[in-house]
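Presented below, as structure tokens, is a lone chain in the form predicted alone.
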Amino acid sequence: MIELKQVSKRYPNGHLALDDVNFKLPAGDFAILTGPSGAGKSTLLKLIAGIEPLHQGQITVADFALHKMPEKQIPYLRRQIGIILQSPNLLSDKTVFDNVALPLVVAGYSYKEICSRVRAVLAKVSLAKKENCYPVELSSGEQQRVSIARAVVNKPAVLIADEPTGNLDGKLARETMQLFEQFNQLGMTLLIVSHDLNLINQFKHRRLLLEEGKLIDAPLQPA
């Protein structure tokens, strides 16, 4: 579950990135956040993930109240949130297996559990035969699927993604969105940022529109 109440964000240079944002995404829901460049979409995701500090308003994510949470608890919050960026940001000197395993290694899982989880999620994203490959040996679509696997390998309650299909062609973008739908069907709460209206209109999920820092629920468009 994600809930924002009266959230505003102003940067030191005076720029108001978010202006009194209010919304609630119940557990297990799937929403797509859209809006023009510079509207504050990335800022909103960074606040939800605890990457940017919250100065005004209230944010609750997976039962963590960010507005009153001490900084030392941020790592525990991050374990409940899977984060996917437009660029996969894979470690070039690590294999696919090791890239996906990283969150589990950091969290202290046993080697047996790591192997089990990594191989299960690689199978889910159709990369079971690529676990020993390095990122340079993969296509852009495969690299993005590795980043998705890394984000969900620790079974987070919430998955947020910032333009995850921005560098993919139409077919790969649709396949990626369908993969997100599969995770949603397993009970994961998803908030996906996309400016691709053609792609968005192919899926009947709740749409949120952010313009000049203000957020509104936008009507669904016909496919």
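Owing to the predicted nature of the structure, the values given are computational and were not obtained by experimental measurement. Residue indices: 1-based, along the sequence shown.
This next part talks about the form predicted in complex with a small molecule, which is not shown.
Visitor: Okay, which stretch from 36 to 44, 151 to 159, 171 to 179, 22 to 30 lines the small molecule in the predicted complex, with non-hydrogen atoms inside 4.5 Å?
Guide: Of the options given, it is 36 to 44.
Visitor: Give a yes or no on whether each residue among Ile2, Lys5 and Gln185 has a heavy atom within 4.5 Å of the small molecule in the predicted complex.
Guide: No: no residue has a heavy atom within 4.5 Å of the partner.
Visitor: Which one, Thr95, Gln80, Gln86, Gln143, lies within 4.5 Å of the small molecule in the predicted complex by heavy atoms?
Guide: Only one listed residue qualifies here, and that residue is Gln86.
Visitor: Can you tell me if Ala17 lies within 4.5 angstroms of the small molecule in the predicted complex, counting non-hydrogen atoms only?
Guide: Answer yes; at least one heavy atom of Ala17 falls within 4.5 Å of the small molecule in the predicted complex.
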